[in-house]
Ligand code: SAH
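Just one chain follows, in the form predicted on its own, and it is written as structure tokens.
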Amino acid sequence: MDTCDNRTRTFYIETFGCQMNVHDSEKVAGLLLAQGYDAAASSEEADLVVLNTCAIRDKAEQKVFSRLGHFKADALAGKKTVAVLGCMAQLEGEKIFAQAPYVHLVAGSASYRKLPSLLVQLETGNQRVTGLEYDDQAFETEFTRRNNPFRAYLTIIEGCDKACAYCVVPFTRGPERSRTNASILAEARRLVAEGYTEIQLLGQNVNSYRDPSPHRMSFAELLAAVAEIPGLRRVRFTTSHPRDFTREIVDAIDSHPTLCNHVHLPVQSGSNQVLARMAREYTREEYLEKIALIRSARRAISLTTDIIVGFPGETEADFEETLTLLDTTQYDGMFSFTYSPRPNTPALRLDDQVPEEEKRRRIIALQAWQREIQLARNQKLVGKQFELLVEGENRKRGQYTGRTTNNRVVNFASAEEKLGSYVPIRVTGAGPHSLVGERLAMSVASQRSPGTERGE
């Protein structure tokens, strides 16, 4: 899009938050490129700076406002246009203008398709523009600029119909809206034709997928259908909700080696009392039944989770129950957070707030506990062989980084590898968060199918 000085405008996007936000930024970049913008190499060089935001925790919002301050002088001088998009924008709306009056555009996570028209409003003289209406087709955009040449994100469901007491997602992403199986499969086939070998299916609750077409394909059936697309090597999915996790999902993983043997199943707490206050809609015992389904699979399925400590009313006994849950489930990885009050959520009305100092003590203890579990589990993998998707390199060290189908990160030395290639390795060392391996010759590697390694 040319300005009056006949210069093509440039943009730069900074992304905060989860894979959904990363993929949203790919969609926004595609839309801007289609409108004639060029991508700038840095925020300093850009005419339009876009912050795609997260609202899950208060700390995330603080980071955004801190970052906005860096652009204040240029924005006030008319040298930059500053836009705040995403979950924080949807949650806070025009309040952002009050705290950062130099911001020009605030648009929520369901308004990306309207971004071109919103920018036109700015260019025609409006000083502040908002886009906060929900769009049922927000997850489908005509243009997407993908950042990774071999792994592609594919949104299959937007929003959330759950009502967890601490969570803002129903406010920021709206109600659940699923795509038709036909549109998902068509996009997956296009991605494979373009050279992508790994696809990650995305949704706030990805396994809550409900096909709106007459076919009424289940999530497990969708997984199987995507996995059977010729040329596709790996299929991942995240994030699953325990209430909607079924035996059929495990059966699909068992039956289709292309489906990665990794499940991310957030538990949030090991205490029934806390789970009830969180309105998670399952008990510890019911959650463990889901874990039993996963552990009964023929393939060794890696398991990761999310945990919140310091939720209102959480006692020391409640926290101890979370620690014992780690012992029982033996997670391969964990994302952990201290409870952060969020606007509009029911948890704001709960009594017995846990002091910040106690939250910090508990999360340190939780992470130390899980670290020991991960170290022990990773050490059992020494000597095992895996197929890696090569994802990165460290030229100075002569090292490459890859990921196994069960989501383990492995560092290995090699003279030269092509990013996006699949190589065999043997694990030679283990830490709590990653493995060390040695590159094997193709003839030495096991001939088993991708994704079938037991690994434990």
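Heads up: residue numbers just count along the shown sequence, starting at 1. All values reported here derive from a predicted model rather than from experimental measurement.
Not pictured, yet referred to below: the form predicted together with S-adenosyl-L-homocysteine.
The chain is drawn here without S-adenosyl-L-homocysteine; in the predicted complex, the stretch among 369-377, 115-123, 294-302, 340-348 whose residues come within 4.5 Å of it by any heavy atom is 340-348.
S-adenosyl-L-homocysteine in the predicted complex is not approached by residue 105, whose heavy atoms all lie more than 4.5 angstroms from it. Mapping the unseen interface onto this chain, residue 166 counts among the residues with a heavy atom inside 4.5 Å of S-adenosyl-L-homocysteine in the predicted complex. Among residues of the shown chain, residue 313 is not one whose heavy atoms approach S-adenosyl-L-homocysteine to within 4.5 Å in the predicted complex.
Proximity of residue 266 to S-adenosyl-L-homocysteine in the predicted complex: non-hydrogen atoms within 4.5 Å are present. This chain is drawn without S-adenosyl-L-homocysteine; in the predicted complex, the residue among 306, 356, 352, 320 with a heavy atom within 4.5 Å of it is 306. Taking 290, 234, 280, 179 one by one, only a single residue has any non-hydrogen atom within 4.5 Å of S-adenosyl-L-homocysteine in the predicted complex, and it is 280. Taking a 4.5 Å heavy atom cutoff to S-adenosyl-L-homocysteine in the predicted complex, the contacting residues in 230-258 are 239, 241.
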